[in-house]
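Next up is one chain by itself, shown in structure tokens, the form predicted on its own.
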């Protein structure tokens, strides 16, 4: 009989920081969000003292006293190591669904397969994982919670009495797909634990909460309501957006940021083998600043034809953003969204297109994607507005400048 397994990377961002820095293996570590704002990842020994999402400035003194190593988010490193983890898992199974940057569902037949996968991922990437095994996705998620406290890092949860025992102590908010908001509604209906939620009548669940919670309850009963998605639907769009490290008040700086995000979004769709048919830009002020009025503007526009050519997308993005920009306004964030994505291979080209020019554009984009240090000057050089990351580790796997050297 085949089972569903959930592979979850342990404290993924922290684990990524530790791969190339052995001095952190036995040190408490936290990773911060954009602009070093909040704690978004914690090593196991920090979780009892620092809540997830804690504002860094409020806990800085405590973190210093505890000797906690603070790291800014290094998305380039995390993305690359995530790809390596998923590629490793994919080489060991025929059925895989990548669920998030640090989680994947797969199908296996025996617990020994999970042990082998965990060992191989650690050996090839340096990332520790926990694996929960059950008859369906929801129970595999429950098993994964248990696996994190086991020395082996693997837990198979198939015995009915054992399942009920664990569900009896599992708060309803911690069920996969429920969360705090839906959990509050369930508690109002008399279900405070996963077991109580499982025992609710289908009529009550469907009438009060809808289809998805009902399917979750069915899975807790041992049925299969969420199939393994081995071939996910193509993306409908991609976005590139970051908060500024400081307020942006001039068009020159906003223009650089818009160009940068258009370039990043373009690189994403090229990597996916897609082209965009329309583009959207947005500008935001700081809604938490009581001294300034909140300002949020969005503009969209169709492209002449499907494209992934960065200069064309940058030009379109800037032309849309220019009318949105007001002087004497302090902007906190901007972003670019590329939508209406179509597979590059299915795009029918214009009969009158200059093919020699198109070939040059494709070669330029291939060079740009191959060498991360290349960029268009419109994206800025100094970028004084860039996101604040005072504790960023090196880009060990994506930049030749930071390639580790071995001294003999």
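Residue numbers count along the first chain shown, from 1. Owing to the predicted nature of the structure, the values given are computational and were not obtained by experimental measurement.
The same protein has a further form, the form predicted in complex with the DNA, not shown here; the description that follows concerns it.
- Just one listed stretch, out of 252 to 260, 162 to 170, 237 to 245, 319 to 327, contacts the DNA in the model of the complex at the 4.5 Å heavy atom level, and that stretch is 237 to 245.
- For the options 37, 380, 340, 28, the residue carrying a heavy atom within 4.5 angstroms of the DNA in the model of the complex is 37.
- With the partner removed from view, the residue among 211, 90, 188, 115 that has a non-hydrogen atom within 4.5 Å of the DNA in the model of the complex turns out to be 211.
- The DNA is not shown here, but in the model of the complex it comes within 4.5 Å of a heavy atom of residue 182.
- Interface residue remark: residue 175 is counted as part of the site for the DNA in the model of the complex, having a heavy atom within 4.5 Å.
- Put simply, residue 387 is close to the DNA in the model of the complex: some heavy atom of it is within 4.5 Å.
- Proximity of residue 102 to the DNA in the model of the complex: non-hydrogen atoms within 4.5 Å are present.
- The putative spot formed by 82, 107 and 120 is not touched by the DNA in the model of the complex; no residue has a non-hydrogen atom within 4.5 angstroms of it.
- Heavy atoms closer than or equal to 4.5 Å to the DNA in the model of the complex belong, across 65 to 95, to one residue only: 75.
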